[in-house]
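For reference, the chain that follows is the form predicted alone, supplied as structure tokens.
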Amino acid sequence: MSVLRPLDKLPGLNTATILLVGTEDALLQQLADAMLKEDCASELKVHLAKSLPLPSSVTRPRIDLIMFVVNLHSKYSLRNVEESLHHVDATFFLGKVGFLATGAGRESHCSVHRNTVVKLAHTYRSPLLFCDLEVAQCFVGLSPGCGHGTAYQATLRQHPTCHS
């Protein structure tokens, strides 16, 4: 097991690989399925992981984007993401990492405050999306000074009611 680096493998021709990292298997699979249904000019591959580091014995493609998924209803989910971040090379945070906070539609049930996730995204200067996958709503919350919003439009198109 090692640190995940953005340029440790050659890119595939007309291929983008997204890694979704989070503890909620069903939500990750739902998001992956929605992303794969989207029509795009390049081939999209989505891989799921509960946490990092990834096993080094497994052959895998180059990872082009990592989305860390935090369930606002679970402190374990936040802790898992925080621990996984230690296994990502610093150069990945130059536009190849984003955060997705799920469960934002039911704030009264949240055990993780939104500001906690906002501070996390700000610390890593990475975009943050708030959404509730169960009701198909989301909105973008970009960290100050972060101009990566357009890179995540494909993720947002999956949800019919998105707000910025």
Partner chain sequence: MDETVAEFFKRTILKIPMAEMMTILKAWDFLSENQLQTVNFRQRKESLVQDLVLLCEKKRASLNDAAILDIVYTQFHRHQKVWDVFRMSREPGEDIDLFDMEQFKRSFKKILQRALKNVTISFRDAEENAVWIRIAWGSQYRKPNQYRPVYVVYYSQTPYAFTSSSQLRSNIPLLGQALTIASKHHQIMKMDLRSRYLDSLKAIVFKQYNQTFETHNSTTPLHERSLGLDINMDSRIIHENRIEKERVQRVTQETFGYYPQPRLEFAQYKLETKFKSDLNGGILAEREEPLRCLIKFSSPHLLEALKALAPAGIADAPLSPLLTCIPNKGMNYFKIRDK
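Positions refer to the first chain, counted from 1. These numbers were taken from a predicted model, which means no experiment stands behind them.
Beyond the structure shown, there is the form predicted together with the partner chain, which is absent from this document and is the topic of what follows.
- The candidate site formed by Gly95, Val97 and Asn115 is entirely out of contact with the partner chain in the predicted bound form, as no residue has a non-hydrogen atom within 4.5 angstroms of it.
- In the predicted bound form, the partner chain lies farther than 4.5 Å from every heavy atom of Thr123.
- At the 4.5 Å threshold, heavy atoms of Gln29 reach the partner chain in the predicted bound form.
- In the predicted bound form, the partner chain stays beyond 4.5 Å of every heavy atom belonging to Cys110.
- Among residues of the shown chain, Lys119 is not one whose heavy atoms approach the partner chain to within 4.5 Å in the predicted bound form.
- Interface residues of 30-62, taken as those with a heavy atom within 4.5 Å of the partner chain in the predicted bound form (partner not displayed): Ala32, Asp33, Leu36, Leu44, Lys45, Val46, His47, Leu48, Ala49, Lys50, Ser51, Leu54, Pro55, Arg60, in sequence order.
- Distance between the C-alpha atoms of Ser57 and Thr15: shorter by at least 3 Å in the predicted bound form than in the displayed form.
- A shift of at least 3 angstroms brings the Cα atoms of Ser57 and Pro61 nearer to each other in the predicted bound form than in the displayed structure.
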